[in-house]
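Taking the form predicted alone, here's one chain by itself in structure tokens.
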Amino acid sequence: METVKKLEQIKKEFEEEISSCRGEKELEDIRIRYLGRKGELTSVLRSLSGLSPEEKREVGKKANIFKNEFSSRIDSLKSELEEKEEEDTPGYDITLPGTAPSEGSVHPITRVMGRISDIFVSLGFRIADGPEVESEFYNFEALNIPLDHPSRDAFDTFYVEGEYLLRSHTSNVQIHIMQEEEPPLQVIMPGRVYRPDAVDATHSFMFHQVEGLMVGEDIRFSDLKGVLSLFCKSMFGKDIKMRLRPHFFPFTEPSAEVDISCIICGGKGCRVCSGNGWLEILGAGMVNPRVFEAVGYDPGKYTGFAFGMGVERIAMLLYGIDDIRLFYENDIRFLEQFR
């Protein structure tokens, strides 16, 4: 029958065109050509009224089968073309100006702690670390801090449970090291410490320290002064002046506070140094013989010195920062200044 042959020819042409189709516009043209209101297959279906009943059944059945096949092939190819287009097209407009990612930097506290450590390492010290949750023995008793000392009051120390507490200085590491090793020792101990201070522009309940310890035979106060003098000049500049003032610490005897000439006014007197030309930066002294006895050292044979400084204090002086809280607020406007 001529109509059946025509259907077969339509299917052959459709297969050829759909196989070579490479775009959505071309596919839409194929759909209109074969399935549109005036399409090839639609025209055949409209001509059924002029056929005999037998031809009508045969042609109608075949035409509907082809119509479903054509629609299925078109829909399938359309999905493939859309997926390919999504893969080939970036999910952003490449013509728009780029957005630079945020640039990170080393936190000023980490930067200063690293600088302090580098100076002492260059002087022959090694770096040691220890627990932040400590017993009263390591935090107090071995450091010659008696039970009636104010710092052992619950209001002046973060007690965790029983005799355990958050260390109030990194001196606890000194005790661990001296228990485990024999002199000579030359160690620094950087780390976090905790004291229940009211937070204000110069105080925080958590801050950072770097402490140092040197123990050996015939270690003298002049050795301490020489080491700290080299540190101050390396940290603040070769023209800096240093002085030591008598002070009291339970774990050192004799003890001293260490000052440097004001790095702002050069010692002439300004608001930063309260007009006296000096800035306090650390405490130091010769290790108390009772500390040696607590760790099993012979105080008749060994002597040594210890020192400790607040990292935030040093950083505030170096960078001209007047509020310690700025270090902990994570304000990007503050932190981005230290790139």
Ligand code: DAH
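Note that this is a predicted model, so its numbers are computed, not measured. Quick note: we count residues from 1 along the sequence shown, nothing fancier.
Same protein, other form: the form predicted together with 3,4-dihydroxyphenylalanine (DAH), not shown, and the subject of what follows.
- Put simply, F307 is close to 3,4-dihydroxyphenylalanine (DAH) in the predicted bound form: some heavy atom of it is within 4.5 Å.
- Though the partner is left out of this view, R195 does reach within 4.5 Å of 3,4-dihydroxyphenylalanine (DAH) in the predicted bound form, counting heavy atoms only.
- Heavy atoms of F251 reach within 4.5 Å of 3,4-dihydroxyphenylalanine (DAH) in the predicted bound form, making it an interface residue.
- In the predicted bound form, Q209 approaches 3,4-dihydroxyphenylalanine (DAH) with a heavy atom inside 4.5 Å.
- Checked against 3,4-dihydroxyphenylalanine (DAH) in the predicted bound form, the candidates V311, L279, A284, L41 yield a single residue with a heavy atom inside 4.5 Å, and that residue is A284.
- Only one segment in the set 237-245, 125-133, 104-112, 171-179 has residues whose heavy atoms sit within 4.5 Å of 3,4-dihydroxyphenylalanine (DAH) in the predicted bound form; it is 171-179.
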